[in-house]
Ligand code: 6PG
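Take a look at this single chain, the form predicted alone, given in structure tokens.
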């Protein structure tokens, strides 16, 4: 599987390139199937992208929004990925509520995973999956030392317990389900990610490297995150 490494010149260039990837994937999906299925990443890195999308004019009725993972916290908790995406973007545009598929993580890992798997049933390959990269190489809520759901019979959605960063209980799409995508884009910023990028490039076994879609993955970094190692 091919991993394409891309280094932006600065923050403005990084955002421009990220927006271009979203626009391209949306055009392709809408032209092919009339709907655009996008999976959102949590954390702080994609915030600028979401805020920029909120300023754009799209036919939001044809966008279908999914989430790669969620923290088992109340639905209105400020650390919920879904709340961040809503405040930065989704509540600021005319996207139908039924098109935004939030992981019901407030139900707890097992119940939420089961319910989200039912919601995903019948959904084919995602058009674009956005992912982040943790300093330990994790992505979504797939952490080192845990089951990443790589096997051919892995569930689409995994309950996560004892996560190494709070909160310990989470829900995550499995590596296998995240890889069922036409495009996968990792959004990476900051010097704190440099060691993880270097380990990934050396071929170390990391959760991020377990996402192996047929078309490969793109990793969009700023200069602080890039490593020649």
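Positions refer to the first chain, counted from 1. Here the structure is a predicted model, which is why all the values come from computation and not from measurement.
There is another form of this protein, the form predicted in complex with 6-phosphogluconic acid (6PG), and it is not shown here; the text below is about that form.
Wondering, does residue 62 line up within 4.5 Å of 6-phosphogluconic acid (6PG) in the model of the complex on heavy atoms?
No.
Would you please decide whether residue 203 lies within 4.5 angstroms of 6-phosphogluconic acid (6PG) in the model of the complex, comparing each non-hydrogen atom pair?
No, residue 203 stays farther than 4.5 Å from 6-phosphogluconic acid (6PG) in the model of the complex.
Answer yes if any heavy atom of residue 134 is within 4.5 Å of a heavy atom of 6-phosphogluconic acid (6PG) in the model of the complex; otherwise answer no.
Because a heavy atom of residue 134 falls inside 4.5 Å of 6-phosphogluconic acid (6PG) in the model of the complex, the answer is yes.
Check whether residue 170 has any heavy atom within 4.5 Å of a heavy atom of 6-phosphogluconic acid (6PG) in the model of the complex, and answer yes or no.
The answer is yes: residue 170 has a heavy atom within 4.5 Å of 6-phosphogluconic acid (6PG).
6-phosphogluconic acid (6PG) in the model of the complex: contacting segment from 121 to 129, 150 to 158, 134 to 142, 97 to 105, heavy atom within 4.5 Å:
One stretch meets the cut-off, namely 134 to 142.
Heavy atom within 4.5 Å of 6-phosphogluconic acid (6PG) in the model of the complex: which of 194, 51, 165, 58 fits that? Just give me the one.
Contact with 6-phosphogluconic acid (6PG) in the model of the complex is made by 165 alone.
Going by heavy atoms, what in 55 to 83 lies within 4.5 angstroms of 6-phosphogluconic acid (6PG) in the model of the complex?
Read in sequence order, the residues that approach 6-phosphogluconic acid (6PG) (within 4.5 Å, in the model of the complex) are 69, 71, 81.
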